[in-house]
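So this first bit is one chain, no partners, the form predicted on its own, shown in structure tokens.
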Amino acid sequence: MAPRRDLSEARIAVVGGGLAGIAATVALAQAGATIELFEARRRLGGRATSYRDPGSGELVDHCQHVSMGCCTNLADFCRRVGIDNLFRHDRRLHFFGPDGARHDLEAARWLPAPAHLGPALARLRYLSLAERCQVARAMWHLMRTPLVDDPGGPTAGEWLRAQGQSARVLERFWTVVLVSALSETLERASLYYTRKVFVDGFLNHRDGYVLEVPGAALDALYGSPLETWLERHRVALHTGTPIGSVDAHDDEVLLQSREGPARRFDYVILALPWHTVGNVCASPLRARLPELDGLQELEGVPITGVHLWFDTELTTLPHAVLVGGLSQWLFRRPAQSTAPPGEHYYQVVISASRDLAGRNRNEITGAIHEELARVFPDAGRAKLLRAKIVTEQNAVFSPRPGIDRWRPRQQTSVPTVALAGDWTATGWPATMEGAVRSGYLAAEAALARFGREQRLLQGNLPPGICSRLLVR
């Protein structure tokens, strides 16, 4: 099979229907390539999926996914496929201190970045004035500490303690922000990604911190709307089709599904999790992919979603950040049309949830119910109708110091093979934004293979004038 150099004649396979694979597929389809997308499950979305709750009939996300205003590539992807209107934009973040008092975080209209959140941070009165000054000093040093790459170095906790941050400030401020953003503890997360969260999310642009929450279940977001889009753009979608092996040479790719004959392609993008991608590579191909040798260094981190149905409405707030307890975030979603009357659904998200391993289910839900009762008076009177705990053990990879040395680029040593996934080299931690970035970069590699140099990756939000002067 002679190699095709013209994109209009090339056949490209994408293996994996998570967000990275979908993003690569969408970008290539819009460029005019002939694409076939293979997904082992019956539906698209990867980790961003839902299930049908038998008690209410509602679609419930396994774990709540959120984005931020700084996630420019995810926003671009959503615009491309026409689902950008399904996200809610929360400009006011609702923090609840250990005493149950509410503190809202919102940008001041009259201040430019990076000072736009300063007044709101100054009003976090579950911290003393001296503790708020500690936070301000550390944030100043953080934005004045340039980090070009991630060579290793200190963890977030080590660096913050060196900046004079007390144990209470670490627990009540830095842990609250960073564990949710990085899905890792301060003692394990790298300073490099800590700085990235604060610079991109809170310092460079006024809108970087804005919380963007899907207004529909993830299956409704990434399910039928995407399938319709793919069909309209003539993408051959093969769901429920696990790939048994992939072999590749310099001029062709051979895909063997677990059922049916082998299929030939000109290029393949492997958009699978880091802990499974090597399993589909045939031995000759695996021997030619040294990029995969370091993937055993990537460590999975669990994220837990605790689904709760009460007989009473706890709050009408769309979300709450809960400080100083087991619960980290609470999300409320208005009842769907299928929900029984008198039921109210909430989800508590616990990132880096290693400590939950081995704990009794009733103990976990009981502790969360008690925490909610300290924050929302109606929770103390509410009856918990039922609960479900869902933990994704390898939800993300741990962004520990030096991890980037093990994250491979999208174009591999084999000219007909690319990789995609938030675990590849994107410069971002494991997020939906990182997944889309990887998909776009893999699509750029595929286009370059067939003589089309095209930039798909979107730039970051442009820093404000003051941010350009102050943030190094």
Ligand SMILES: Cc1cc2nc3c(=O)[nH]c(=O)nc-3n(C[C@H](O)[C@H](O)[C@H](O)COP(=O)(O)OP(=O)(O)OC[C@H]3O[C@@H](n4cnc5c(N)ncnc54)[C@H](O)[C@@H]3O)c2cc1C
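In case it trips you up, residue 1 is the first one in the sequence shown, and so on. Quick caveat, the model's predicted, so the values are computed rather than measured.
Below, we refer to the form predicted in complex with this ligand, which is not included among the displayed structures.
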query: Contact flag, Glu39 vs this ligand in the model of the complex, heavy atom cut 4.5 Å; finding: yes
query: Exercise: Thr241 in contact with this ligand in the model of the complex, heavy atom 4.5 Å; finding: yes
query: Residue contact check: Pro408 to this ligand in the model of the complex, 4.5 Å heavy atom; finding: no
query: Heavy atom of Ile12 within 4.5 Å of this ligand in the model of the complex; finding: no
query: In the model of the complex, segment of 440-448, 43-51, 26-34, 400-408 with a heavy atom within 4.5 Å of this ligand; finding: 43-51
query: Partner-contacting position among Val280, Val210, Ala217, Leu298 - heavy atom within 4.5 Å of this ligand in the model of the complex; finding: Val280
query: Residues within 4.5 Å of this ligand in the model of the complex, restricted to 390-416 and counted by heavy atom; finding: Glu392, Ala395, Val396
